[in-house]
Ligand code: GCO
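Quick setup: one chain, the form predicted alone, written in structure tokens, and binding and motion questions come after.
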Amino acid sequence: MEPVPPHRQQALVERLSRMCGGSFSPGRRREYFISGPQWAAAYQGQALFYAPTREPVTYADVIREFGRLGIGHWTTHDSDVIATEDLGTDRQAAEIERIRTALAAHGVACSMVTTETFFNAAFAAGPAPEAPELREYVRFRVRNTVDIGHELGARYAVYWPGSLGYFVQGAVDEMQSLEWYAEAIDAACERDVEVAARKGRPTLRHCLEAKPFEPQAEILLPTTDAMLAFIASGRLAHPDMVGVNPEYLHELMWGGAPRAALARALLAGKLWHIDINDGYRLKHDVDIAVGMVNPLDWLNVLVLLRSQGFEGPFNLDFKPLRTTSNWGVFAVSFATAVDRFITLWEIAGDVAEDPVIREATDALKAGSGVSASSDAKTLFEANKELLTLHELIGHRLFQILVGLHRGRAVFD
């Protein structure tokens, strides 16, 4: 193949993208409660050992491109769009008005806001530090984010206490740190009740997001299960206002099964928001786009969510690859991430209607009909062939995922 000069490279990517096929229209994409984060689209490819590979983009750029692609919802950290020194000032109000104008111009809604309590040097000791003046600053930040959410029409607020922990044991009192963190969440909820009443709006749904590793050496609330225990601990003043925002990769990172974590959150009635991405077990937070690493696992997740009536929000919390250009972030990365999600969601619908899976599942639930009271051996012998259906169901899920359930020979 001849070298491809710079002025012909975008055309090549566009042609090969069309050859891939399978794209959904912007209107079709808007049918799903999918949101795109400002921070994901604005990610420049930098990391601990990585220099940036992309130029900065503004929230106006991101909102415009989301509207064009059919990503109907936008999410942001407070300091992604407002300078830290401007938070809570008249300059914040002016910026919020500009954001509202951009959202309206492109038919995009703000669905969720979140507070950055991990990057700024003020959070060196986390979002529940020993110094009372720093804890008051944390409370200011979360209360102010509630204000931003109501001004932008958001329905959700998310809190990621990624730096709630320590590097060395004994440096902090874990019980006290958790109490102080509860005070911060209480401050957000209490401000929400006040502002919602004043504006005649529903209160936000406040969601806690867990992560097992990074940036601290030991995280105090590392998993969704830990968050559920924290909500149920009796330490929160408004536990009914607080749920969880599991992130797929965060549950995968520690070796768990995201589907099982989501099931436990559903059982608790606390699954309110989900961050969707992909990656690898027992690795760092690579934030690869949904379905790129574990498509069969993702199919199973969506089968569960569809069966329980969960339809979003699904927040595209991933990092476009460092090898993707500024243009490619929207031309390829976000467009294909949304389309993979919709495709997997539709395949999950096929699973729900599949006669093989339905009959196998019904047979397992029906059992053998052999009653043997306390005779364990007889009960096992009566049901052991049925249990082989577990493996058959796994095979059938694979067939449906890759399209092999159609057109195969059936032997009587």
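Model, not experiment: these values are computed from the prediction. Just count from 1 along the sequence shown to find any residue number.
Separately, the form predicted in complex with D-gluconic acid exists; it is not shown, and the next lines address it.
Looking at 155-163, 98-106, 289-297, 188-196, the stretch with residues near D-gluconic acid in the model of the complex, meaning non-hydrogen atoms within 4.5 angstroms, turns out to be 155-163.
For the options Y137, W254, F118, W272, the one in contact with D-gluconic acid in the model of the complex, meaning a heavy atom within 4.5 Å, is F118. Taking a 4.5 Å heavy atom cutoff to D-gluconic acid in the model of the complex, the contact residue among W345, W39, Y32, Y59 is W39. Of the heavy atoms in D317, some are within 4.5 Å of D-gluconic acid in the model of the complex.
Not displayed here, D-gluconic acid is kept clear of R141 by more than 4.5 Å at the level of heavy atoms in the model of the complex. Contact annotation: K211 falls within 4.5 Å of D-gluconic acid in the model of the complex, judged by heavy atom distances.
Using a 4.5 Å cutoff between non-hydrogen atoms, D285 counts as a contact of D-gluconic acid in the model of the complex.
Contacts to D-gluconic acid in the model of the complex (heavy atom within 4.5 Å) from stretch 243-281: E247, H250, D275.
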